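To begin, one chain is listed below as structure tokens, in the form predicted on its own.
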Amino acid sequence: MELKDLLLNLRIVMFGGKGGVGKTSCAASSAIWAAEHGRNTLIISTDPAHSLGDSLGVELAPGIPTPIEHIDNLTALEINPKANIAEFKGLTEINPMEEMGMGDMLEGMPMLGDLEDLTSMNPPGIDEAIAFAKILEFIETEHDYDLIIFDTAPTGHTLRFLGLPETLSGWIGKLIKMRLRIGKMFGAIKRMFTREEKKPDNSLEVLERLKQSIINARDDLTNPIKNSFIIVMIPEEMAIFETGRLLNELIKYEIPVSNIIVNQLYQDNTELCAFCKSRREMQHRNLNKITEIFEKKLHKILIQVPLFREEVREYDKLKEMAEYLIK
């Protein structure tokens, strides 16, 4: 399916690739095109080093969906995972001995102290996990958007991000079992020392909902009727290797991918200087490799986008890039 069809028919389109290849410009250009063709579009940046607002030429409040002025149907959001960690604080923290006023007893009961420390641990990559949890809000809850476009972080971060549904689902499942076992043990100890009524704790319910949302999101991200991943690359040897690794991981996680954007191509022009001609020849050799590997062998659609004389940002330039992406 060509990019035009993806933008007009899918619910989710993700852009990713090596750092500095123009992912944000491609994502923003596509979002503008989709919005102007009648789809209520939300573009979300999951890159910790956000540049979405700079690309669109607007200031985006962290974590708040911002309608883009003068472009109907377009809203932009830059996720700030560290600012959202507090929302999930306490899901893994029990501290029951402190709640019972028996914190001093922990000093003489090393095992209980170790258990308390264990229950307050956070999993590796918690900032990426929080970013994913925020994305779940838009994938798994009701909203008015027809299309959500994700501008993802550079390849390494994106690969960890794509693996989070599997990782978190397993981690949360284990945490739920741990909470049940430890909760029962501490509940029995509490009844020995106090008659206070048990305070309601909905942590398990929240964890169960989060786990189910992750499972549902994984199903959506692997459904070619709902989602597709667009790889953005440049015609250089290093980019070919990295794109190959990314594509292998996408296949591993069963993420649909049909289009690869080859960006920043020098155009055939007799007025090019010697340096530019040399660069163009290098790109041409690599473009032949890209065509042979990704188009002929792996049957991906290649979209060729030229290197622009000026920086691609703000409405006019993004619209110009969209013409190359769509045609």
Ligand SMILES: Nc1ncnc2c1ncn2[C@@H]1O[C@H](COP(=O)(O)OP(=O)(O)O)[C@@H](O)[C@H]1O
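The numbering used is simple: start at 1 and walk along the sequence shown. Keep in mind that this is a model prediction, so the values were computed, not measured.
Another form, the form predicted together with the ligand, is not on view; read the next lines as being about it.
Is there a heavy atom of L10 no more than 4.5 Å from a heavy atom of the ligand in the model of the complex?
Answer no; every heavy atom of L10 is more than 4.5 Å from the ligand in the model of the complex.
Touches the ligand in the model of the complex: Q264 (any heavy atom, 4.5 Å)
Flag for Q264 set to yes.
Flag Y315 as yes or no: does it have a non-hydrogen atom within 4.5 angstroms of any non-hydrogen atom of the ligand in the model of the complex?
No - in the model of the complex, heavy atoms of Y315 and the ligand never come within 4.5 Å of each other.
How about I303 - does it come within 4.5 Å of the ligand in the model of the complex, if we only consider non-hydrogen atoms?
I303: no, not in contact with the ligand in the model of the complex.
Position in contact with the ligand when the complex is considered in the model of the complex, options S51, S278, T291, N40, heavy atoms within 4.5 Å:
So the residue touching the ligand in the model of the complex, by this definition, is S51.
Counting any heavy atom within 4.5 Å as contact, can you tell me which stretch out of 291-299, 58-66, 278-286, 24-32 lines the ligand in the model of the complex?
Result for this chain: 24-32.
From first to last in sequence, which residues of 280-312 have any non-hydrogen atom within 4.5 angstroms of the ligand in the model of the complex?
The stretch touches the partner through V305, P306, L307, F308, E310, E311, V312.
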